[in-house]
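The chain below stands alone and is given as structure tokens, in the form predicted alone.
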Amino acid sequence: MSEPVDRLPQTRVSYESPTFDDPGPTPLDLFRRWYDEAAEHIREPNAMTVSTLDEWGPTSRIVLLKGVDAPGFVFFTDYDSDKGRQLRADPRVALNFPWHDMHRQIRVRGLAEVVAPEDSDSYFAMRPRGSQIAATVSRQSRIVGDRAQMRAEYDAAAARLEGREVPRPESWGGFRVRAFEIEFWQGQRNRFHDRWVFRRSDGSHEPAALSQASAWTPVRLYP
């Protein structure tokens, strides 16, 4: 049972994890290994915090990762949503995978780019039909009167599209986060946590392929 809010100063967990001394040659290899392990223990290991920037500063929300490969990390959204508009105005972005039950987290910093339309088409076609219809009517991040209005708009779209494939809205698609820094954190006793961060070997903040060992240098950080 969780502690009540008035006991926050005393609330803590003692982490007891195996030591983490070898991050390997590439961030892609390590991410895939940790993700596969998380998939056995975490209900939604692909749930990640996505942090973007607007004129007031950083803003965050939970989004589902839908792909990872050498170029980067892929998720999908409405391009006209707050995060979509923010990323198109300023591509700097941060991701965080908070795998508390495993005493692990992964932090990613990089630049976001719009994926190819055919990639968005391919993923949209895989979505449940209900989610497809919702994407055609939802004006994500905009004010709506009430749930009845949303339901009426959804029902009208469902009737209009009955018996037909649901086309992907032009305003809906994917972003790929191309990383220039990735940190792997594993909790340890007495706050002597293991922190390994992959940084660009040339010291730049330009993204690089996650599978390119020569582009990355792993270094250990104080916790």
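Given the structure is predicted, the values throughout are model-derived calculations rather than measurements. Start at 1 and count along the sequence shown; that's the residue number.
FYI, the form predicted together with a small molecule isn't displayed, but the following is about it.
Although the partner is absent here, E44 lies within 4.5 Å of the small molecule in the model of the complex, judged by heavy atoms.
When contacts are judged by a 4.5 Å heavy atom cut-off, S81 counts as touching the small molecule in the model of the complex. In the model of the complex, the small molecule sits within 4.5 Å of a heavy atom of V63. Interface membership of S122, defined by any non-hydrogen atom within 4.5 Å of the small molecule in the model of the complex, is ruled out.
The single contact residue among T77, S138, Q105, Q132, judged by any heavy atom lying within 4.5 Å of the small molecule in the model of the complex, is T77.
Only one segment in the set 82-90, 95-103, 149-157, 108-116 has any non-hydrogen atom within 4.5 angstroms of the small molecule in the model of the complex, and it is 82-90.
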